[in-house]
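Below you'll find only one chain, the form predicted alone, shown as structure tokens.
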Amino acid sequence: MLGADSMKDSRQGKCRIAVMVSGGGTNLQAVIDGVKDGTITNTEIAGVISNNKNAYALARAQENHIPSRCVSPKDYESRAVFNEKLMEAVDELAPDLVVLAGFLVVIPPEMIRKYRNRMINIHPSLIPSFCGTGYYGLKVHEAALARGVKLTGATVHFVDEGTDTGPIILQKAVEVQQGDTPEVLQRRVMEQAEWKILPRAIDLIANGKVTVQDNRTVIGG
């Protein structure tokens, strides 16, 4: 269970977050900006981890003097060894909260157990719509447009053993407009939803305002 009690120690210092990302890192940038401008309080970015050595997210981290490293499955002889090295990299940062900001690798079950209700993910739809296995990146927006929905959006949720099935923390709706392409819709969802609710969720958690009860979140305090 996560909540005020579990974050009391962090509030004596700052809540340390580890951000995991596979690509360009626009959500990482929103978090960096949020910490800088005070939208996200009581928080420091302990480090950035990517599975992709060419991820622009690593450059963003470097530009902002944030420790970063790549842990790629391509560098190890088996998925089991990669999972072990990935978890070691996260543990070395000693995070209070792990933030998946477009991390396109299956999280090892042992990491999910260790960081139960201390790991969050941002997904570009209003869960339970257009989520689960196979729904990521542009595929989500392609599916939304194919279905003809009038509202889409983004969701921040805790990570559990399922795919996009953990307790929902925040959601924000975005209107679909006539003539939208997947790329245009993706950008609008990022600007109007993802870049707003991910920093907000981190701020709430860092300040002990989120608890999980019976697989649902309670926000308050």
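Here the structure is a predicted model, which means the values were calculated and not measured. Don't overthink the numbering: it's just position in the shown sequence, from 1.
What follows is about the form predicted together with ligand GAR, which we do not show.
Visitor: Determine which one of 144-152, 112-120, 71-79, 96-104 lies within 4.5 Å of ligand GAR in the predicted bound form, judging by heavy atom distances; exactly one does.
Guide: That would be stretch 96-104.
Visitor: Is there a heavy atom of residue 51 lying 4.5 Å or less from a heavy atom of ligand GAR in the predicted bound form?
Guide: Residue 51: no contact with ligand GAR in the predicted bound form.
Visitor: Taking ligand GAR as it sits in the predicted bound form, is residue 190 near enough to touch it, meaning that at least one heavy atom pair lies within 4.5 angstroms?
Guide: Residue 190: yes, in contact with ligand GAR in the predicted bound form.
Visitor: Test of understanding: in the predicted bound form, would residue 25 fall inside 4.5 Å of ligand GAR by heavy atoms?
Guide: Because a heavy atom of residue 25 falls inside 4.5 Å of ligand GAR in the predicted bound form, the answer is yes.
Visitor: Mark residue 108 yes when one of its heavy atoms lies within 4.5 Å of a heavy atom of ligand GAR in the predicted bound form, and no otherwise.
Guide: No - in the predicted bound form, heavy atoms of residue 108 and ligand GAR never come within 4.5 Å of each other.
Visitor: Which residues within 125-139 place at least one heavy atom within 4.5 Å of ligand GAR in the predicted bound form?
Guide: Contacts from 125-139: 135, 136, 137.
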